[in-house]
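Given as structure tokens, the chain that follows is alone and in the form predicted alone.
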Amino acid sequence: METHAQVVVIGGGVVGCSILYHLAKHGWSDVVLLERNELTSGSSWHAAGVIHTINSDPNIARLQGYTIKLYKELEDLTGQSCGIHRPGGIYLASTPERLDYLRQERAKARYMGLETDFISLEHARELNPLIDPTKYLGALFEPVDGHVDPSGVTHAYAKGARHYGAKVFRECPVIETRPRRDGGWDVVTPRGTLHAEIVVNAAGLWAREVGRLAGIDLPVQPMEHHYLITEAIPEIEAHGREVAVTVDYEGNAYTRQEHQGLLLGTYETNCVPWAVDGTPLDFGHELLQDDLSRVTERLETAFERMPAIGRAGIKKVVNGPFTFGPDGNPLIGPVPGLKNYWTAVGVMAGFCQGGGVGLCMAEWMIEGEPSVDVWGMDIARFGEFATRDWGRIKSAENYSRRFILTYPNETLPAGRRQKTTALYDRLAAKGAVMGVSHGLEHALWFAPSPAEAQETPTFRRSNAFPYVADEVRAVREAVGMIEIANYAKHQVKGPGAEAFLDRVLANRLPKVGRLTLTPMLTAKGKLYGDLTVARLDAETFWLFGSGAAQNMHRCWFERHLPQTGVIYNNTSDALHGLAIAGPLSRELLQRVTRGDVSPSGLRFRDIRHMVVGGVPAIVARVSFSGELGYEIYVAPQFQVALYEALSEAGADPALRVYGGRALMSMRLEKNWGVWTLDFRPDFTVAESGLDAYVAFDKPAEFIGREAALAERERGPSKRLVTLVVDTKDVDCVSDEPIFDGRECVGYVTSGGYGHTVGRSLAMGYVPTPLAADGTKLRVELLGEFYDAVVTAQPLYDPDGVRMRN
């Protein structure tokens, strides 16, 4: 066996083999895969092999589409059959709410260029003669859906990888992974030790065990999963062509044809996590003891909706484990804090997503960034809060809800209060309805009392609407207070801090005591951050940004960090705080500090150390509400004292605590985008409009400068715009298509209601010629088309006078 490899992939399932194939295909041939047993051991061999493109995340849907198209290419390259069947897929809705969901999915498909569309229930029955159309309200059809042979696909990836020079070693378990001083890894096996420059954990059922060899606990959990295969069904035999793959959401069942019978699978609500304490090392091509009592209710529903199944005999029952992540999506990419160690785990839909995961991993390693934004799969979306126990709880919740509708305004109950601030109970006592960001509880809005702190899950405006309006009004007319513990705070200091940040940030660095907004770019000029950088002294900088993306940005900083002269720390959990905003916020702040907070004493975009409410704080005069405001950062142990001081001093004027929903409403009224929605690596700096904050002429050669300059010269092909949408009881959320006449020209990235201006607002990307003020467009929302008009200037305080006063 080799003693060195550029990359060692651990795990010979469909995901590991796909990563190996894509690395080799893209030019890294010095790559090795180590498989403890035989290829497909674990979950791959017993998978149902269903392939589909529909996914709540459009980028994951695109990667699933890539995966499906790849199979024919693999067959042509290797001669290995992938067992491709493409009868199309039917998605059935039996409630009005599920029909709204399918309308959303059809809308997304429009701007992704997919042929997904509604068909009549009579047409659905022509494609699947087993369904009883009287049980349903609507059917969505995706023509590319189908199924493949799991073993054939996995071996085709491996054979293709070998074609490009990669090597596969079977029956070669990994015993140890030891970090080396040169940044690489010693991968120890019974057949010798291999020095790897990069290690990829793609170990599937054994992902947790392989992770522990490197000192990490991965929050993934194998789950038991049942499907059954029927005897021959006369209706299928008489059909004359292959039955379409079918998903019945309320019936909680998926089906595909298997010979002249049917494969029927379900995700039971009383699910069973498997091997909680660790996957047995001798497990391989075994199945688990079936327990049909757990799925009896689901089967009865399926028999009612597809009566022919109930008349058929059961030929085989399969209960096999496969690995779920906390939110149902994979965990891929570089592990924060662990040099040259990557994961591709929790890929439960491996035959839909495996090709896309392999492509992104190869691009990411070789080119420094994937071709699409993979935030929905990035392992960096989790942090220290994502322990093994928490992962088990959330993975089980996600499994049990696989076919249960989750609304855009809904927060799920499992694994809550994993991270809280010192104010959690106080805010809950005020009626806070909590959400979660990067594991941390934060207030979304406030009900009149704790007993009323429930939000109705819906696609339309919820019971929160009038209370959010009141919170916005309080900020606009007087003063409001919001907790900001969920903001990310990165500290960079040392004699080399200035030079380091000048390279990774695209704007000029601020002077001491000042702060500046700056984009952070990839080498290709794509957005990788939208940060506020503050300079407390000559060698100390703080960067404030998206709390959800804090580990993503941590990885970026650590990747570019010089060997000496700079100390970087993600200090998000070490610095909490409160923000106050509104025309009376200066008066409130002056009551709790001896410092000079007059317009000249604390100017817009000033930052300094102060004592506020008797505790040490860092105060920045800045506000995301568009009003005069201040962000006051303190250590967690001072959070209660700060809150009490502000609350007492704010009794007159009437200080109102507000939540994230009100803040999002106010920022929309200012045409301000947010990270993970309007700003993300899908977009370039010019497309986003953040090129206004790029110092192209600064002396430092910042990352992405050449790409950004080239785009500035040619002009961006699309731009981020704000739309005023003519709706009544519904607002855009994200991913709704934008039309110019009958042509789909873009999509919404975020939306909501502007309570001050009294209009429904949305932000999205459209072709540059359509980005002019006053351009009339349309937005498709829950199957209806609404008029929309581009507004180049914010509807609220367009000159920004209120926040600068």
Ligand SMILES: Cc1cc2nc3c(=O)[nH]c(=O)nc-3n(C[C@H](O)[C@H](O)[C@H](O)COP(=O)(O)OP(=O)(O)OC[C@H]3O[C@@H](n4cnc5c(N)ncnc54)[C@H](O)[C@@H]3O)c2cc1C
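A residue's number is simply how far along the shown sequence it sits, counting from 1. Predicted model, so just to flag it, every value in this text is computed and none were measured.
A second form of this protein, the form predicted together with this ligand, is not displayed here; the remarks below concern that form.
**Q** Hey, in the predicted bound form, is P307 touching this ligand, heavy atoms inside 4.5 Å?
**A** Contact with this ligand, no.
**Q** Do L521 and this ligand come within 4.5 Å of each other in the predicted bound form, heavy atoms counted?
**A** Outside the cut-off, so no.
**Q** Would you check, heavy atoms only and a 4.5 Å threshold, whether P133 touches this ligand in the predicted bound form?
**A** P133 lies outside the contact set for this ligand.
**Q** Given that the partner is absent here, does V14 sit within 4.5 Å of this ligand in the predicted bound form, heavy atoms only?
**A** Flag for V14 set to yes.
**Q** If the criterion is a non-hydrogen atom within 4.5 angstroms, does every one of P583, G629 and Y658 touch this ligand in the predicted bound form?
**A** Answer is no for this spot.
**Q** Report the stretch among 45 to 53, 750 to 758, 768 to 776, 732 to 740 that approaches this ligand in the predicted bound form to within 4.5 Å, counting heavy atoms only.
**A** Only one stretch passes the 4.5 Å heavy-atom test: 45 to 53.
**Q** Scan V295, V721, C352, L589 and let me know which has any heavy atom within 4.5 Å of this ligand in the predicted bound form.
**A** Of the candidates V295, V721, C352, L589, C352 is the one lying within 4.5 Å of this ligand in the predicted bound form.
**Q** Check each of V210, L440, V725, V533 and return the one that places a heavy atom within 4.5 angstroms of this ligand in the predicted bound form.
**A** Here the answer is residue option V210.
**Q** Need the contact residues for 321 to 336: heavy atom within 4.5 Å of this ligand in the predicted bound form, sequence order, or none if there are none.
**A** Those in contact are P321, F322.
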